[in-house]
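Below, in structure tokens: the form predicted alone, a single chain.
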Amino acid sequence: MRRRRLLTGLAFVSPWLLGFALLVAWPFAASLYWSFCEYDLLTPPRLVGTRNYQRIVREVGGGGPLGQALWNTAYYALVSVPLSIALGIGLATMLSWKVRGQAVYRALFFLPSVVPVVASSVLWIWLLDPRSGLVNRGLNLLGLPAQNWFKGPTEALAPPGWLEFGSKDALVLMSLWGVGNFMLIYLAALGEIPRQLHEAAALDGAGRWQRFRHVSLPMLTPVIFFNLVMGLIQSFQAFTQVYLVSEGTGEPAGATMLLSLRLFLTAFQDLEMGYASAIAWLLFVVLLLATAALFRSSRHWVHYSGGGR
């Protein structure tokens, strides 16, 4: 009877086990093996030891193409993720107010997040065109200088191009287009905050901002932590929009060459699958360390409704 139950259970989970083995476990192990090989997809892999990883160290330390891709990815993640969290919380807070047409406003702000990435990328390429884009036209009407956006290598938050928006800043702006997913999660979390907490704070003389800061925001920290981790992973894995806006080149001047695009071009354009596998493991380790650091820091700022951290 036990054997029959075991075989029955294995039969039911066999599709998942087969998919996991073929689509997850085997590629995971193969990429680790190939990262120690010289492999061009046309000839059998040849073991070269740690040569690929030594090349990574040289490129990152010497400011090579991979070092630039790592910096571009870090800049994109460190700017886009906090902005998406702040914008998501702000929109969710405003959309939680009881106003006429609340459902319509919620639908309008959520709708962009379900637009396909390819369609939204084409739209933003048109909007941010330096010559005829609507965004630059709006800046000119306000008396502000036009920006190069996808045609410029400058970084608004880094010298020497302070407040000169370039390609990476345009990618950040694109990422905020899909903030509706985060907004929806924050909106649900705001609805779960007990009304008694706000009423008690109001009785103590707390205004709207004080209630948000001392009641709503601490109660949202578990959701903020979740979105922070997920947003970090998504930003490091961003590929489709980067490929489209740069036409698969990472231009201008390598400003849009993120790690994901560098990995793709190394594997399928340069046919250096061994080195690409090593880059994939670099990406995995960076994400692992960043996620571990976030989990370690969460004990100091994430507050749960039960009083724990």
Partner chain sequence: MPIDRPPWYAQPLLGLAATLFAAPLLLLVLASLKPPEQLVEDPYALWPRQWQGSNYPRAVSSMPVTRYLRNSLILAAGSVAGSLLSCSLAAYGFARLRWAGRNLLFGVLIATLLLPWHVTMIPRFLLLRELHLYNTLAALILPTFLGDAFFIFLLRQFFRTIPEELSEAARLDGLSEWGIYWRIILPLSRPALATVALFQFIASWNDFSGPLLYLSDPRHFPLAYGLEQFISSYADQTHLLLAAAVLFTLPIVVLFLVAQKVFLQGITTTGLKG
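Numbering follows the first chain given and starts at 1. All values derive from a computational prediction rather than experimental measurement.
Below, we turn to the form predicted in complex with the partner chain, even though it does not appear here.
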Pro218: touches the partner chain in the predicted bound form, heavy atom cutoff 4.5 angstroms: no
Exercise: Glu199 in contact with the partner chain in the predicted bound form, heavy atom 4.5 Å: yes
4.5 Å heavy atom contact, Thr256 and the partner chain in the predicted bound form: no
Arg213 within 4.5 Å of the partner chain in the predicted bound form, heavy atoms: no
Contact at Trp34, Leu41 and Leu127 by the partner chain in the predicted bound form, all three, heavy atom at most 4.5 Å: yes
Contacts with the partner chain in the predicted bound form - residues in 254-287 whose heavy atoms fall within 4.5 Å: Ser260, Leu263, Phe264, Ala267, Phe268, Met273, Ala276, Ser277, Ala280, Trp281, Leu283, Phe284, Leu287
